[in-house]
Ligand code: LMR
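What follows is a single chain, given as structure tokens, in the form predicted on its own.
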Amino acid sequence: MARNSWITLIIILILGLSGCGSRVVDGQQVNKKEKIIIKFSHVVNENTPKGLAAIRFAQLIQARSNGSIEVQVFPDSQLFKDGEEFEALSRGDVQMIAPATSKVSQLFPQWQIWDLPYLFPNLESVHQIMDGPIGKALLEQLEEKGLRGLAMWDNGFKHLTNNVQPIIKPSDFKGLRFRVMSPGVLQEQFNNFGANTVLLPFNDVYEALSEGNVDGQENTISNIYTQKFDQLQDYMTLSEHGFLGYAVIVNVEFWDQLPSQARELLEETMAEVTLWERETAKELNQMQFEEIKKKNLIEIYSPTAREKRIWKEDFFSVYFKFQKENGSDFLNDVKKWIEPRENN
């Protein structure tokens, strides 16, 4: 995208942030006793797809409710780390969170489907699953824990960075220490190739990389860029090996106590913002990748389609582990939805 578009996006972000800042302090026009307050906590930077979407959602709700509903956005783990959000939501300390699907998988193992390496050929196939019966069924699982899933957002596909050597083939992983956000599939995919994994919350990754406690990590371009991982790491492989998505979740007890008109407004606006978020994710990742290339601080390797096919074949043990825990029927159902998209 042109440089002017990038500047425009930054201006929009700044304006949005100034509006958000004014909403989290006292002195609003609406009587607080009449206002519905929704604290929206997340762990990434404001200038990411999730961060921007949270701000947009807050602004639209503020305008459409005439100030009677206030969504206060707290980014960058200002309130809680990514390993603390579910507990905070259950306690009522916050009313809305948007954890990575990998975090949700610690409660519901089938959610690891989003982490399987090279399962999704493109973002269209991801959205097909999210918006179809499988995605809806996964969101419904949250009810078992007193949670309500409102939407599924995305941040695109993940890439690899490290400080030791270029990762061109699977054997290059051997001996490297990689940060992962959760156990299960994410650990298995690295252990499968002889790497060591370290579980760390997102806000601890920068320090771990800078101090050499881990050699590398996996993430989307927007997270690599906004967290300045490209300034700490020497090598990046554009592997697109895994997908990074988010679930926007509220506490059921809080949700059910809202007036029906408020729930309807929140749901309609969330559906609108979700479409906007997905498009923004695609554009923002591309723009920030161009910025990373311009800085020229990290050596970038782009695997060929053939190399990616070889990698996918070598990830067999990861799929075997997933099927053993969740059954082959579920994985086969997901593949049936993907195949038509893959062949288009």
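Quick caveat, the model's predicted, so the values are computed rather than measured. Start at 1 with the first residue shown and count on from there.
The same protein also exists as the form predicted together with this ligand; that form is not shown, yet it is the one meant from here on.
Asker: Spell out, yes or no, whether the shortest heavy atom distance between D82 and this ligand in the predicted complex is within 4.5 Å.
Answerer: Contact with this ligand, yes.
Asker: Taking 4.5 angstroms as the cut-off for heavy atoms, does Y246 touch this ligand in the predicted complex?
Answerer: Yes, contact at 4.5 Å.
Asker: With a 4.5 Å heavy atom cut-off, would you call A100 a contact of this ligand in the predicted complex?
Answerer: Yes, A100 lies within 4.5 Å of this ligand in the predicted complex.
Asker: Would V43 sit within 4.5 Å of this ligand in the predicted complex, counting heavy atoms only?
Answerer: Output for V43 is yes: heavy atoms within 4.5 Å of this ligand.
Asker: Could you check which residue among N219, T274, S125, Q112 gets a heavy atom within 4.5 Å of this ligand in the predicted complex?
Answerer: It is N219 that has a heavy atom within 4.5 Å of the partner.
Asker: Note which of Q233, N251, N223, T237 lies within 4.5 Å of this ligand in the predicted complex, where distance is taken over heavy atoms; exactly one does.
Answerer: Flagged contact: N223.
Asker: Which one, 258 to 266, 176 to 184, 89 to 97, 142 to 150, holds residues whose non-hydrogen atoms are within 4.5 Å of this ligand in the predicted complex?
Answerer: Heavy atoms within 4.5 Å of this ligand in the predicted complex occur in 176 to 184.
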